[in-house]
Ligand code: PXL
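Below you'll find only one chain, the form predicted alone, shown as structure tokens.
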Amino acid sequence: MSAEPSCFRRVAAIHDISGFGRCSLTVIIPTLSAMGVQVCPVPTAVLSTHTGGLGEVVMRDLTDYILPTLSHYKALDLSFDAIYTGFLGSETQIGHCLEFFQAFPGSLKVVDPVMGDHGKAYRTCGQGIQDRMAELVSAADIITPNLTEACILLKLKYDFSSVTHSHAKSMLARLSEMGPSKVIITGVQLATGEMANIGYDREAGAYWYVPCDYVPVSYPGTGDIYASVLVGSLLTGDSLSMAMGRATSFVEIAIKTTFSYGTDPHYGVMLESALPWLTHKEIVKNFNIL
């Protein structure tokens, strides 16, 4: 077999797949593909829809699929530029992700620690999963929690409606002390009144924030899309601040496009209409020093 070009990028994405509702692998694969990055999905579960209000979900757990897949990839002597994890349904699955990390030590290790939102942990996220997620975070290079998940990781009570710049920087630094050199917290309302995604690059000693317009609706899968664009941007040469800017811009485009049509929020964002923007590799400059 001939070797692939040196510019080729490949990601192992360890997430669930929901057949309807535009989230997890159904948005991760097209988003990264549009950015020129191959996705090798490692599904942790198959669901008929996401679990956010679409009735009784049909689900098949795939925990026993993960390690045999890892063994096959090792036998093929595959390499990955990144190992990217998302929603994990058990402590066992988190342990399997750690084995993926150990098997590919040179890969960028990205953890989206999906545990909760709007100030509450998901009902599937008990203390055992929270503790093991902290272990996975400690092995990561980059993490992308929302504000609720950042509070869970830091064992903070979620009791504030806005965050000062100094508090934001403190949270980012404390999360980085857990292990990852790059930390992004999404969906933060700053004390200035701005909604923003905030980030910290420990190696550069730099804090960033990217403001975004507030839209009065919540769609599933936007966190998956944001993290996917971030990963694709970093793998194709963007700095952290530029990757944050690109991810924020794309999610904002997808949300505003969908909101303008007034579709049912349970159906997710109209990703198909927004994807062409990613192929243009526009220069972004919407990031600011925090």
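Everything numeric here is computed off the predicted structure, so don't read it as measured data. Heads up: residue numbers just count along the shown sequence, starting at 1.
Beyond what is shown, the protein has a form predicted together with the named molecule; the following relates to that form.
Site annotation in the model of the complex: the residue of L234, L47, V251, V37 reaching within 4.5 Å of the named molecule with a heavy atom is L47. Of the residues I184, V110, V114, C97, just one reaches the named molecule in the model of the complex with a heavy atom at 4.5 Å or closer; this is V114.
The shortest heavy atom separation between C23 and the named molecule in the model of the complex is within 4.5 Å.
Using a 4.5 Å cutoff between non-hydrogen atoms, T51 counts as a contact of the named molecule in the model of the complex.
Put simply, Y84 is far from the named molecule in the model of the complex: not one heavy atom of it is within 4.5 Å. In the model of the complex, the named molecule lies within 4.5 Å of some heavy atom of Y122. Residues within 4.5 angstroms of the named molecule in the model of the complex, judged by any non-hydrogen atom, belong to 221-229 and to none of the other stretches in 62-70, 221-229, 260-268, 241-249.
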